[in-house]
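Take a look at this single chain in structure tokens; it is the form predicted alone.
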């Protein structure tokens, strides 16, 4: 299965997918395209180092949001990708892309949805909010993407304990390594194997 990975920053989750492909866990997965919302994203370097085609597509560079949306859709389709993986992608997808790839777009969110999610909750912010609320566990969620922020069917979640001396930055790094980089490749594996079904906005994972 060919996938498109959308990025905005360092690309650590992209690297986790690349590593799992090389290790054989995702041996039948190919990254056909890396699409970045920023020309400065280090994820583009990771793509180049691994011979993966990459493009930068920023909505502000297009005459209209609709034209950007169509261009994104065309890029993914032209690359022959069947699944879009949002791996630290900070832009909101357009309705054309979301509709065309309905139930074929997944996102990794650095919190346990429905907590600390929604518009504006990205990067360090969910971890700041989690610590401010005094939660005892936090983690990450892989979910399908629909028209609303973080409201699509949940595929996988993984938790870590919140420690008394955690800072938002420390918690962010632990969740990234112990949760995000584990369950994002796992979700791709499950989808490629046809083990995920959706019914009434709930994702069911077969054993």
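These numbers come from a predicted model, not from an experiment. Numbering follows the first chain given and starts at 1.
Unshown form predicted together with a small molecule; subsequent notes refer to it.
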With the partner removed from view, which of 68-76, 130-138, 95-103, 81-89 is the stretch that lies within 4.5 Å of the small molecule in the model of the complex, judged by heavy atom distances?
81-89
Consider residue 176 of the chain shown here, and say whether it contacts the small molecule in the model of the complex, taking contact as heavy atoms within 4.5 Å.
yes
My question is simply whether residue 108 lines the interface with the small molecule in the model of the complex - judged by any non-hydrogen atom within 4.5 Å.
yes
Considering non-hydrogen atoms and a 4.5 Å limit, does the small molecule approach residue 185 in the model of the complex?
no
9, 13 and 121: each with a heavy atom within 4.5 Å of the small molecule in the model of the complex?
yes
